[in-house]
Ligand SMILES: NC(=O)c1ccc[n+]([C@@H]2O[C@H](COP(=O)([O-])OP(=O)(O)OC[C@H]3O[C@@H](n4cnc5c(N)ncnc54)[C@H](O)[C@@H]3O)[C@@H](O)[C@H]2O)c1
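Here we start with a single chain on its own, the form predicted alone, put down as structure tokens.
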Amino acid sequence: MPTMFLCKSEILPLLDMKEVIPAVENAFRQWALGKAQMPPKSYLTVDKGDFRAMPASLPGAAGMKWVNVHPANPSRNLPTVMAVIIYSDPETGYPLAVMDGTDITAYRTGAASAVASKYLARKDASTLGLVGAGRQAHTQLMAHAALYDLKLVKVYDLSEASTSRLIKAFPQYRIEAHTLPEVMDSDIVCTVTPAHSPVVRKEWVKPGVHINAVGADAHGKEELDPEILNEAVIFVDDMRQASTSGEVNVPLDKGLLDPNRIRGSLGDVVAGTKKGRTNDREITVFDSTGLAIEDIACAHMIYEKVKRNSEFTRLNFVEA
């Protein structure tokens, strides 16, 4: 049985956000219903960054993502985040595919935020704010545009070049550069920065906003003023990960956050076991750390698309 190898240039054309979003949504549902397995991320820190091992299984699918975060990589003409996914047959353990996971990571993260917005944002949401204009901002926009008729997208980034690239990449949408307080005056806000201290102040946050806090994905990172969290209803992707590496990790460690503000997981809401937003003035926050179930759901989707396609490279990885 050959193992399929899929490189980055082969993966991207196979990713359709309108397919990724329901795949990720179903992964959250399966996780909440106890039909998936997912140990917490394992971190390996090195001088210039870190590596993360992320295994998971869903009904009929299993695998692991090995992903890095190296902030100085753009100076070497390399992505900050790169990933490889090993997708295996859960019946035999055979490696069915080894695929680049860099774009899968970007797409599934954007999709997870869109799923959160679907359940937690106001139904009349029509403006999107992006705090940060890097690669992840692109897929956050793509995912929300797949679900919402966006009238305006406001973006803020310290880099004017990054903002300009984002605007030029999506000429079909009305995207404008704004100050950070102006960006926060949106119906849905996605924060996608590498910040290790809060960049969003409480006084900028209006009633009824939904915030997808995406940037805090390692211990010590945070983007939101803890006072925002103490006035919000918070949903996490996974409590074990969020408490050690998500938006809530620092304020919990410092005793600055009432744990009762955390109502449950997004999977609980998707599965219907917990209520999401209860009124139009609530501030809701989704703490997104990135889950392996999201990656394996996408890997499964891609493999099923191409498993009978002889154009892709195959190798007898395991020989008798």
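Keep in mind that what you see is a predicted model, and the values were worked out from it rather than measured. Residue numbers run from 1 along the displayed sequence.
Separately, the form predicted in complex with this ligand exists; it is not shown, and the next lines address it.
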- Decide if the three candidate residues Val69, Tyr156 and Asp217 all line this ligand in the predicted complex, where lining means a heavy atom within 4.5 Å. yes
- Message: Just to confirm, with a 4.5 Å cut-off on non-hydrogen atoms, which of Thr179, Asn230, Ser126, Ser162 contacts this ligand in the predicted complex?
- Response: Ser162
- Among Thr109, Ser186, Asn249, Ser117, which has at least one heavy atom within 4.5 Å of this ligand in the predicted complex? Thr109
- Heavy atoms within 4.5 Å of this ligand in the predicted complex: which of the stretches 117-125, 209-217, 90-98, 168-176 has them? 209-217
- Query: Is there a heavy atom of Ala133 no more than 4.5 Å from a heavy atom of this ligand in the predicted complex?
  - Reply: yes
- Even though this ligand is not shown here, does Gly267 get within 4.5 Å of it in the predicted complex, heavy atoms only? no
- Query: Does Val81 reach this ligand in the predicted complex, with heavy atoms at most 4.5 Å apart?
  - Reply: yes
- Would Val192 sit within 4.5 Å of this ligand in the predicted complex, counting heavy atoms only? yes
- Message: Only counting heavy atoms and a 4.5 Å limit, does any residue of 273-300 reach this ligand in the predicted complex, and if so which ones?
- Response: Ser288, Thr289, Gly290
